[in-house]
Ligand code: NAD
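Just the one chain here, laid out as structure tokens, in the form predicted alone.
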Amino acid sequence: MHEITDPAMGGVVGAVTYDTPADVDAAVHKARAAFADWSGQPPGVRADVLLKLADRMAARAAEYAMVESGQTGKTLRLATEFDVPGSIDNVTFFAGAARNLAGLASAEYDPDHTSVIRREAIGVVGSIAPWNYPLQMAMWKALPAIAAGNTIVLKPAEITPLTTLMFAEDAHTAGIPAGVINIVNGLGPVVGEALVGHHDVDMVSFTGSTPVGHRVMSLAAKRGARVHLELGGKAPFVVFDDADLDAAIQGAAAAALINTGQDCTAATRVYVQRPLYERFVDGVSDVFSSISMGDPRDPSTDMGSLVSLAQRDRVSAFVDAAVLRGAKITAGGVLPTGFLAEGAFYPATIVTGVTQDDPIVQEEIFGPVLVVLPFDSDDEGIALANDTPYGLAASAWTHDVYRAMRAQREIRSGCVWINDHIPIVSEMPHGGVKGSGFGKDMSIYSLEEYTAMKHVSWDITGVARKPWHRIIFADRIPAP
């Protein structure tokens, strides 16, 4: 058995058995066997069982939140008010979406045929979810897949599998047939690669780091499987000189520290037009310095721990290296002492005095670290926002409608928020461009990832010898 530990307070919170490639093969075969019946069910049947699943999860919401906090180190408040209700809302959304999988109405695009577009399930989906939002990401993977009639084999992150297993239990209790949702546990290089490379997996959906995403894509490409990737991010937060400064300060602090910064859409690099730069740095530094760390289950705790000691050390190494290159730390930047030193805690940290090409600006840190840089012209601000390999999310802060329209048009990102950062709803898509991957989670648009379009053409003439047959039999068919 592999023990799951609490990265904040220590102690074992659960245990799982790691699967083998043979177990993955068995899970894929179960998913394949269940596919024909599940995909053939009327959409209303799939919708009904998803609504029952939502009810079951709502009844266990407090338990889900406690387990999620325990395995990740995030605050119980975040799990209770964001992770769990957002996950349940996703279930109810896709229950409705299952009944809206319509094809194109029939029509004649030439005089002799009627065309119909069918939207069909792809088959068996192999999905890999990350550790930062274990429950929500499991929902984002599983729900559109099964709502569309697919079956799924899902691998949660090896360090945070517990709420995914709870979800699978509740799905079975709600009436989702055996074989539709299958969970495999284990290390990525063993279980993950066995799943991604399996010959009977029709589609692969992966959320995680960009380097691993490239590996996933290469394995799936060997057999031409469809791939959906939601990869890393380095979200820019652009503050123009007419912005509401207080709103931008509060927004940047919240957007940088959500989930202890372990969020691919979190604000990680702020560009502030020079007239506001010093006041912005001072303001965010004051907020960051007031953030309390501690027991994630304590209601007074603002920020929990990182997911592991290894992740804490990785974040700390980024900041320490930047300081050696001349960076200035205006808040945080020092590992905590006392009992906090025993957990994976890292303080809310502001970094200034770096250049655009510094690794701390260009690379994903995945921790509570915000880098702030000044800019002069609007052109420069937008150019800097676009100057990383990533393109998942961004925000722009201004009262000028023309500036806002330019920013949302020219910033290359899957999502651009105006005067806010990280509002997420089930009805709107989530996904990136550039090095942040392709395809969408959530929303009705995600169903396009998990369905295939089929064109059906019906002859409406009853004529045996079609005019186009002259291409082959010129001497037997009269010219049209």
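Don't overthink the numbering: it's just position in the shown sequence, from 1. Everything quoted here is computed from the prediction, not taken from an experiment.
There is another form of this protein, the form predicted together with nicotinamide-adenine-dinucleotide, and it is not shown here; the text below is about that form.
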Based on heavy atom distances of 4.5 Å or less, which listed stretch (168-176, 68-76, 200-208, 248-256) is in contact with nicotinamide-adenine-dinucleotide in the model of the complex?
200-208
So, residue 354 and nicotinamide-adenine-dinucleotide: in the model of the complex, are they within 4.5 Å at any heavy atom pair?
no
Would you classify residue 338 as touching nicotinamide-adenine-dinucleotide in the model of the complex, given a 4.5 Å non-hydrogen atom cut-off?
no
Looking at the partner-bound form in the model of the complex, is residue 149 within 4.5 Å of nicotinamide-adenine-dinucleotide by any heavy atom?
no
Interface membership of residue 346, nicotinamide-adenine-dinucleotide in the model of the complex, 4.5 Å heavy atom rule
no
Just one of 295, 364, 358, 241 has a heavy atom within 4.5 Å of nicotinamide-adenine-dinucleotide in the model of the complex. Which one?
364
Counting any non-hydrogen atom inside 4.5 Å, which residue from 384, 212, 122, 225 sits next to nicotinamide-adenine-dinucleotide in the model of the complex?
212
Partner contacts for 329-358, taking nicotinamide-adenine-dinucleotide in the model of the complex and a 4.5 Å heavy atom cut-off
none
